[in-house]
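Below sits a lone chain in structure tokens, taken as the form predicted alone.
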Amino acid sequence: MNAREIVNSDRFKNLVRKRWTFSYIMLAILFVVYFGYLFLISLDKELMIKMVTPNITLGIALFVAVIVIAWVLTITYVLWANNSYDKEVEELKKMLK
């Protein structure tokens, strides 16, 4: 198969669609978390200054949660890419000859 045939194949199109779908889902989750946090800050400041422990406010706890969720999403994407996406890319590369 040449490159043009691979690019026009259903397998390649499905792979591209799968990658974009996964990326958009991860991006949507990150936007909801991040902008949800910002909206909470702007809409209910009294809630954000409530103390959850003697030294930590709810705003700080949620900020840490936003950062942790971003890391989890990144790790999820890397694991998905390494275990699924890259394997399919390698199989498509082997078909090039």
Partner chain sequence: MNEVIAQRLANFQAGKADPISLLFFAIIVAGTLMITYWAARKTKTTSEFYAAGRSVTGFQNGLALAGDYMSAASFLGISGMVALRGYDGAIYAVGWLVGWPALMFLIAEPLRNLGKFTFADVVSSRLKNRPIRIASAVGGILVVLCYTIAQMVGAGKLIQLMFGMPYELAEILVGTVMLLYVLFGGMLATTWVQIIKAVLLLFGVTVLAGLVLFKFGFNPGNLFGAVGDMYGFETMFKPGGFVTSPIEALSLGLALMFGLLGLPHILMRFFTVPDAKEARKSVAYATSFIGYFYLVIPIVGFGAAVLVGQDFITGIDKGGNMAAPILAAALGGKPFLGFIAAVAFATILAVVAGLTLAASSAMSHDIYVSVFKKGQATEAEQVKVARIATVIFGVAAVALGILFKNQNVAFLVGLAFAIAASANFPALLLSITWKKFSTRGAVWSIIAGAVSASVCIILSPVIWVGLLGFEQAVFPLKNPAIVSMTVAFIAAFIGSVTAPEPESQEKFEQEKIRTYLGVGAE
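Residue numbers count along the first chain shown, from 1. Values in this document were obtained by computation on a predicted structure and should not be read as measured data.
Although not depicted, the form predicted together with its partner chain is the subject of the following passage.
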Hey, in the model of the complex, does residue 52 get a heavy atom within 4.5 angstroms of its partner chain?
no
Heavy atom to heavy atom, is residue 23 within 4.5 Å of its partner chain in the model of the complex?
yes
Residue 14: heavy atom within 4.5 Å of its partner chain in the model of the complex?
no
Just to confirm, residue 97 within 4.5 Å of its partner chain in the model of the complex by heavy atoms?
no
Taking its partner chain in the model of the complex, which residues along 54-93 bring a heavy atom to within 4.5 Å of it?
55, 56, 57, 59, 60, 63, 64, 66, 67, 70, 71, 73, 74, 75, 77, 78, 81, 82, 85, 86, 89, 92, 93
